[in-house]
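Given as structure tokens, the chain that follows is alone and in the form predicted on its own.
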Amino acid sequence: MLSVLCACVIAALGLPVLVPRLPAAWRPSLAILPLGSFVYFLLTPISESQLLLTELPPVHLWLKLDGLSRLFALLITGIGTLVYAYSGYYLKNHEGQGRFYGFISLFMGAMLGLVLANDLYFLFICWELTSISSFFLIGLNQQEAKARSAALQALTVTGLGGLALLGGAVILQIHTGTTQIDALAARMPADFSVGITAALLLVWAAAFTKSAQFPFHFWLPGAMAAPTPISTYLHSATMVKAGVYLLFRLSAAFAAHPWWTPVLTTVGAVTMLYAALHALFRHDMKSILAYTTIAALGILVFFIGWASPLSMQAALLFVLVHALYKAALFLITGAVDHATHTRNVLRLHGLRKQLPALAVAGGLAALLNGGFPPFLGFIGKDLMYEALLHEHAVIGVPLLLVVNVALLYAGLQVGYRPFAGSAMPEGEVSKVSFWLWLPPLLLAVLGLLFGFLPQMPNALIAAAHVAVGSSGFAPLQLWHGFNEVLAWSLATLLAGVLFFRFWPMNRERLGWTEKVEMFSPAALFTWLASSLQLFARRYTSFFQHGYLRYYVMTVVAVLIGGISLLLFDDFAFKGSFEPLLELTFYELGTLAMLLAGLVFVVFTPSRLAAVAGLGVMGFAICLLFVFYSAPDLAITQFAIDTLTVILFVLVLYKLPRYIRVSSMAVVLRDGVVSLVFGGLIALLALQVIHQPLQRSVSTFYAAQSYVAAKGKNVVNVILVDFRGADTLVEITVLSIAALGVYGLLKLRLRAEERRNRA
């Protein structure tokens, strides 16, 4: 399994360079990568492999191939094989074909890693990789604003869901003590605490955003801006199925939660009904397929929510059925678009005469989509009705009937209508390569073959059924006799055909949806995005205004607030004024000089005089260091203060010597802030001085300075040896600052530049 993932990564790195150098006729042969992976997953028995990636937090590359992961891995690689081959011809003149193969290989590897992952954190990594790689795939036509916007929208929605998944994984690890997915069910607390419920909500957020559940569904129709092969791959077997896979995988751990069934069935029901009705008002073939995909995902979530053996079996079988017919219909849409340069079903008719093989594929795919016997879709539809009748879902059965009728109608619009009727003019239809009609025909024929021989997918679905923790698997059969289930199935087929026959699509119907578009989740998302950008601009302009004095004041105000909260929470003054009586004449004189310099700096109107006052204060501090037996520190401080004064004088000597830049109110404000901050620092210093002194660090340095560094001056040894890297960085910073000052001093502007800056 690890070798397959590595092959995908290597392909993602190498194909962008290799593909442009390959002759166009050879590019469909690149399908050997997903084909080899398909054969591997088809023949490999259930197995596990583990590799520790990081210790803190423990992230394992823990891969497990069981029935559920095998089902999804076969769909990913099987449909991927056809998409690779199809794209070699469909995108042969596209300037980004090399990038396409690189991104889709990365995407396939990420999806395989996601479905094979047996560790929550590794699953999250692959989850986000699918979002990132799909971003590049959807925006493959990067010169189009619509494609860029759709890619960004998809990344935003699914990326936020990924962050929710990470939060859920962390909470689950805290409450269960494991990140191993197949061990979660055994360690799940029976009482479902608040933490577990929070984790469940985050998992749902991830699944609903990825699998386009209402109200997060809007990114999926927008993603139709991608080329058709990408839409085929992302929306039939991979990207949108990731959220459904997550619900399947964690159903054993969460299905007993009291919220599981009501929430999932409600969300799934709303999603499938909303999307199915929307599909009836679309003219573009890809738009129709996008909304039917959302409806199908709603059906899957709806049946996973029931969590019964029959409902889980129906959902697993529908995963396979949907992948077959949806991939076929998408590929047919791409071929029709390639031949006619339009996807509007109102303009397409009679293509069976110019594109007979594609017409056969479209008809078979439409029948598979509608659930006509003897296709696999008929078995899947029967199983769904049987599951709902078994659960006594009184509302669920008619609701499913309405959705199935709408999906049948939409499938006939895409797979049958473009090929029926009178032929289009010869000049408007071009021939297509067999690379464009063979892949969808294979998928549709496979749906027919599985319907005739349901024992072929039976073992695959049964193994997946066991992997999700369900029992009581009923073998797949085409005929179950005359019963209530058959009656509902026949009613669906009859209603769908009559609906298609007597409710033809027209141009005015799309206008109805445009009238209510302003109330849609997509419009709400757009409003939120624009509001967030407006807030960000105003927030930035308020805080990042360009005035250094206000930046400094903001920092000081925050420090005052933080220090006050800490200092006065349990404040007891520990200072003593008795040591002031022991001050000598020299110390008092130095302090007086320091205070005089401070007063002079604050009240002098001259810049240069203020600089001189700062120098006096610095030299006074140097004297204090000398009095308290730190001559080396005094020498360093003396050198720094001297250099600072010189630099200030050199920088300021061209400015006016006397100027008043602030009003009295500003001066008073700054004075109050400064006095408060200074007073707090003084109190804090007094509190620190009276804290119990821990001499372990100083004792260590005193003992080791000569032994380890052969130096008797402990301070120098600390700066040069123990903290040598820190000192080097400080020297580097000072050197950069000195170069900057030197550059300012040497700057000479031309006359026009001086006028512009003025």
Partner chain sequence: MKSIILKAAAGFLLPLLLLFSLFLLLRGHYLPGGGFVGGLVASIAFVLHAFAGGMKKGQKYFPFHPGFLMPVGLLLAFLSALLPMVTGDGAFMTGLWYPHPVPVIGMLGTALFFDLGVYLLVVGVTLTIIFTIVEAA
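These figures come from a predicted structure and were not determined experimentally. By rigid core we mean the largest C-alpha set that fits within 1.5 Å across both forms. Numbering follows the first chain given and starts at 1.
Below, we turn to the form predicted together with the partner chain, even though it does not appear here.
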Checklist entry - Is the partner chain in the predicted complex near all of Pro374, Val394 and Asn483, within 4.5 Å of a heavy atom of each? => result no
Next on the checklist: Taking 4.5 angstroms as the heavy atom distance cut-off, pick the stretch from 128-136, 229-237, 529-537, 643-651 that is near the partner chain in the predicted complex.
Outcome noted: 643-651
Next on the checklist: I'd like to know if Arg21 sits close to the partner chain in the predicted complex, meaning any non-hydrogen atom pair within 4.5 angstroms.
Outcome noted: no
Checklist entry - Might Val741 be said to contact the partner chain in the predicted complex, defining contact as any heavy atom within 4.5 Å? => result yes
Checklist entry - Hey, in the predicted complex, does Ser47 get a heavy atom within 4.5 angstroms of the partner chain? => result no
Checklist entry - Hey, in the predicted complex, is Ile32 touching the partner chain, heavy atoms inside 4.5 Å? => result no
Item to check | Listed residue (Ile174, Val558, Ala639, Leu566) with a non-hydrogen atom within 4.5 angstroms of the partner chain in the predicted complex | outcome: Ala639
Checklist entry - From first to last in sequence, which residues of 703-739 have any non-hydrogen atom within 4.5 angstroms of the partner chain in the predicted complex? => result Ala709, Lys710, Gly711, Lys712, Asn713, Asn716, Val717, Leu719, Val720, Asp721, Gly724, Ala725, Thr727, Leu728, Glu730, Ile731, Thr732, Leu734, Ser735, Ala738, Leu739
Checklist entry - Rigid core fitted, is the C-alpha displacement of Ile32 between the shown form and the other one 2 Å or more? => result no
Next on the checklist: Superposing on the rigid core, is the Cα displacement of Ile718 between the shown form and the other one 2 Å or more?
Outcome noted: yes
Checklist entry - 2 Å or more on the CA of Gln142 between the shown form and the other one, with the rigid core superposed, yes or no? => result no
